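The chain below stands alone and is given as structure tokens, in the form predicted alone.
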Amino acid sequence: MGFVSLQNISKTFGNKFNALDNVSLEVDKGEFFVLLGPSGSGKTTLIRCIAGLETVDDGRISIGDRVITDFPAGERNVAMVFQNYALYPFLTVYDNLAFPLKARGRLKRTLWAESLANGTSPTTGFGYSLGLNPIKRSEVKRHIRERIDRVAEMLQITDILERKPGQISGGQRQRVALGRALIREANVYLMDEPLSNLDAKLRSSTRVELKNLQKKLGITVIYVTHDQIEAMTMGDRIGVINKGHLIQIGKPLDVYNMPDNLFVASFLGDPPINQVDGKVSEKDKSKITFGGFDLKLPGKPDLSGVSGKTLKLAIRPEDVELGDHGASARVLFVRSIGRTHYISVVLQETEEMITKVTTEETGVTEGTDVLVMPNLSHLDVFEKDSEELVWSAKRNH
């Protein structure tokens, strides 16, 4: 069992909309786990259920050795970073960072628990009674200052502690929101698209900083995003979710290279994976016809079970080959971004578009007639209607 364990979680809004449908997930301690999916897929609902901001209709949630399914949010010891930062505009950055420690005497209870564990007694005096012995106000303030200073230095926001959120940039507000979560010293950190409001350059650099910070602190993070680049670059593992179903879980490159269904294949990749209609050849059940070309699959696959059905050949842009045999196509346009070349062709028989990406010079120009082939060692074939995997070179060899 993982450090965070979700077993058969279901959540319905109203009488019809199934936000989550029998979702099970295990996240290891110290792992950076990314939930990837489009808007409305259920990813935010899932982490809100973990946080206790939503109740589940069915299933069980555990953190460590505690079942927390029915715990109120304040007793789960999780911290959440929201997409819109959710900072208090009337408080300074310092007070925003301090708020989680002051709320409901959280730090006082923490100090008392730490003193009992260490076999010592906290400095006592008038005020801040815990119901056992009082703790001096100055002692609480000192610990708050120490924790804020440590987090502020880590996130490089020491020089803005006296400003208010309206007086700092979006990138700085994002750091403050992150700091407010980290200062909690929670068991699990839940992050709901925290970088989506940043510009592209800042988002890219912040990804690196956040990932490095997570590794340095060894914290457990469940991170929600619709951005497949974030998922691929940040996650130790990713879980692809759609329409309330957790479809596939694995290491980023494993999910990218070996998708379980067509949705996963199409959601990961930039440019997106090419999808071309195909049919099993009537004469040879190990061949697929696409764009007027009979493609012989390696080995001796028997595709008679999907004969007559429309198939989708899924080809990554980097796995498209222009050679001396294949389906007839014409080059529509060629564009280059630095050393990377994007070549778009259209199949002459079916008028389907295919994109090729390469760092090598091909010599093709717009209007040129070419022959297109997939790299057979990286080809996936799906059934169009069910989106289920029919044949994969990577799984069959």
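Note that residue numbering follows the sequence shown and begins at 1. Nothing here was measured: the structure is a model prediction, and the numbers come from that model.
The discussion below concerns the form predicted in complex with a small molecule, not included here.
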| query | finding |
| --- | --- |
| Exercise: L379 in contact with the small molecule in the predicted complex, heavy atom 4.5 Å | no |
| The small molecule contact at K356 in the predicted complex, heavy atom, 4.5 Å | no |
| Distance check, D149 to the small molecule in the predicted complex, heavy atom within 4.5 Å | no |
| The small molecule contact in the predicted complex: E321, any heavy atom under 4.5 Å | no |
| Option from 25 to 33, 43 to 51, 56 to 64, 335 to 343 whose residues, in the predicted complex, bring a heavy atom within 4.5 Å of the small molecule | 43 to 51 |
| Heavy atom of each of A19, S39 and Q83 within 4.5 Å of the small molecule in the predicted complex | yes |
| Contact assignment for the small molecule in the predicted complex, among D254, D284, D236, E193, heavy atom within 4.5 Å | E193 |
